[in-house]
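So this first bit is one chain, no partners, the form predicted alone, shown in structure tokens.
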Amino acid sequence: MCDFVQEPDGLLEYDFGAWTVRKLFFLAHYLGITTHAMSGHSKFSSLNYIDLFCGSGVFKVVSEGSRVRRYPGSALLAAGTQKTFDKIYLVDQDFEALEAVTNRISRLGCTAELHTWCGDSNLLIDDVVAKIPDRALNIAFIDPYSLKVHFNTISTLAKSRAMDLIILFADRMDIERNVEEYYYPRKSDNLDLFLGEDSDWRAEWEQLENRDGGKIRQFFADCYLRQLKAIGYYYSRTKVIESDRGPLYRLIYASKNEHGLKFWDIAESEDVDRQRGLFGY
């Protein structure tokens, strides 16, 4: 996959930090394990991938010495698994990004049935779930910029179906920085929509005496995990992703079935620096 995207193809690509490589390494590892184990499983009608912020399919990292290296994004990783998904559902607000990732998936020769929507995933979620077949096993990767996914969107996606979730939780890059200036005094409702309007986080926040960075991040992660548990996600893991300046955000993996944790634990048992065959430098 890295070879496939190494040469510029004239389509939209994003610039990201090296930490994005680590995040997508875990995703790639998990998708590979899950599709290998569950593709064609008789219990499920299909195995599907949902990406609510899919991007253009390629991003690049500029390292020391101005060396540019391109990497496959989340949707391209899902399209490139050895054992393919039956259906892939992609949403993005940027039409150019959606056009680019669709083009790249087509050139990759992916045989999955592809569905795409351009717009706000929070507004389109009913249309997305209407396309998901009954009795399917689904994996959703939810990688918003900041707090752009509402908890009601997660709840709608997960309702009455097997849906494992991998969610970017922007605890340091947004929540820690903005909670007392924008969210606690309700200058913005982004955090309320992200956590769920019934989370009642302010009442607990008022009782939190130690508000250093680590305590703030853990406080809100615990709140979000409780919200997930309330809609059936009893099994979860969190993985902190760090930049060169320390923790940046965390990935939350959540499943309604304890077997999902086994796949995730295997996926995160190796890190990108020790697994050069996949995302080598």
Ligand SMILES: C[S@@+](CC[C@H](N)C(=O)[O-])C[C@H]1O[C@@H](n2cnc3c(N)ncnc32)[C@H](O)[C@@H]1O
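It should be emphasised that the depicted structure is a prediction, and the values quoted were computed from it without experimental measurement. From 1 onward, residues are counted along the sequence shown.
The same protein also exists as the form predicted together with the ligand; that form is not shown, yet it is the one meant from here on.
Heavy atoms within 4.5 Å of the ligand in the predicted bound form map, among the stretches 106-114, 204-212, 92-100, 153-161, onto 92-100 alone.
Contact check for residue 52: a non-hydrogen atom falls within 4.5 Å of the ligand in the predicted bound form. Using a 4.5 Å cutoff between non-hydrogen atoms, residue 16 counts as a contact of the ligand in the predicted bound form. Remark: residue 182 does not count among the residues lining the ligand in the predicted bound form, judged by a heavy atom distance of 4.5 Å or less.
Contact check for residue 133: no non-hydrogen atom falls within 4.5 Å of the ligand in the predicted bound form. The partner is absent here, but in the predicted bound form a heavy atom of 120, alone among 189, 197, 120, 127, sits within 4.5 Å of the ligand.
Residues of 19-39 that come within 4.5 Å of the ligand in the predicted bound form, judged by any heavy atom, reduce to 24 alone.
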